[in-house]
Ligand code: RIB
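Quick setup: one chain, the form predicted alone, written in structure tokens, and binding and motion questions come after.
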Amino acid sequence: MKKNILFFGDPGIDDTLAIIYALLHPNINLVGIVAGYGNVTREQTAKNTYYLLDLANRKDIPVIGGAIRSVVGESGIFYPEIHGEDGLGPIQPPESFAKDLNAFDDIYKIIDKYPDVTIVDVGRNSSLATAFTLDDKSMEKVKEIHIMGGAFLVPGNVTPVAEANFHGDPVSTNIVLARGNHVTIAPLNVTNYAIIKPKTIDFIATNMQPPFGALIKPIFDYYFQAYQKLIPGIEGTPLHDVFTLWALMNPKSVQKVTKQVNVVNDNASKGLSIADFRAKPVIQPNIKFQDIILKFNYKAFVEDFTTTLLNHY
């Protein structure tokens, strides 16, 4: 039985690979994409999303306009050195893909249409938090949410202590953690090790069927070159957003712990994700518990990514 997924993201190379993974996975029904700011502006993430769906001939999937900034009004800090000026490395979608976005209320229509829908958010949580703020009754119908973000007792990637998504809008992340049902977090603890090596991408690009075969290698190579500058000696590129979808679809291949999580929102340690990992943690009253993925089967991840993109199920 297919899993209905409403995807929140900010494409972005990593998001793009995650969307391709979702489109090709035989057990995923991608019921909508909410495109918000993050890796690039919302205008550009929307254009990138329409470009991908046009390549896949999936114009039936609604693209919803997400947030253009954080819920406290802060504009995003973009990273062109990692994702390129337009978010797809060397690829520039034609201007014709600057289309009108579906209304934000369509999120609730999708939830009503698919009562078993799972939300996967791999960007800043601004759009998702806004959805809770505008209509928490509708959002209560969502039975599970999977988010990519955070770094627990390990270094961050945009500051010494903070991961980019949680750092970009910690207020929104805390709203999602407080309001969401059955939230699972995929932090840097695991996504940093969800590495795909160039030889795997070369194999996929050589054997992949249209429409994405010509796109995979140039965007991956751009991403890999950026990571080589950030982490000298790294053997491949971590696919944080692909991992989040993969973990959802392969629960037996991951190990989780259940903790109460809070994200710091002050200047000194903005975006720091906190959970009590002591042998006898202190339970905070009236705070929900979330699942945190801390271990995974790397071989299974690489094999499934390859199999999915080659559509060899």
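As the structure is a computational prediction, the values presented were derived from the model and not from experiment. Start at 1 and count along the sequence shown; that's the residue number.
A second form of this protein, the form predicted together with the ligand, is not displayed here; the remarks below concern that form.
Asker: Which one of L177, L188, I219, I145 is close to the ligand in the predicted complex, taking close to mean a heavy atom within 4.5 Å?
Answerer: Answer to the contact question: L188.
Asker: Just one of 108-116, 85-93, 164-172, 125-133 has heavy atoms within 4.5 Å of the ligand in the predicted complex; which?
Answerer: Looking at the other structure, the answer is 164-172.
Asker: With the partner left out here, check for me: in the predicted complex, does some heavy atom of N157 sit within 4.5 Å of the ligand?
Answerer: Residue-level check for N157: yes, a contact with the ligand.
Asker: Taking heavy atoms and a 4.5 Å cut-off, does N39 contact the ligand in the predicted complex?
Answerer: N39 belongs to the contact set for the ligand.
Asker: Along 1-23, which positions have a non-hydrogen atom within 4.5 Å of the ligand in the predicted complex?
Answerer: Sequence-ordered list: D10, D14, D15.
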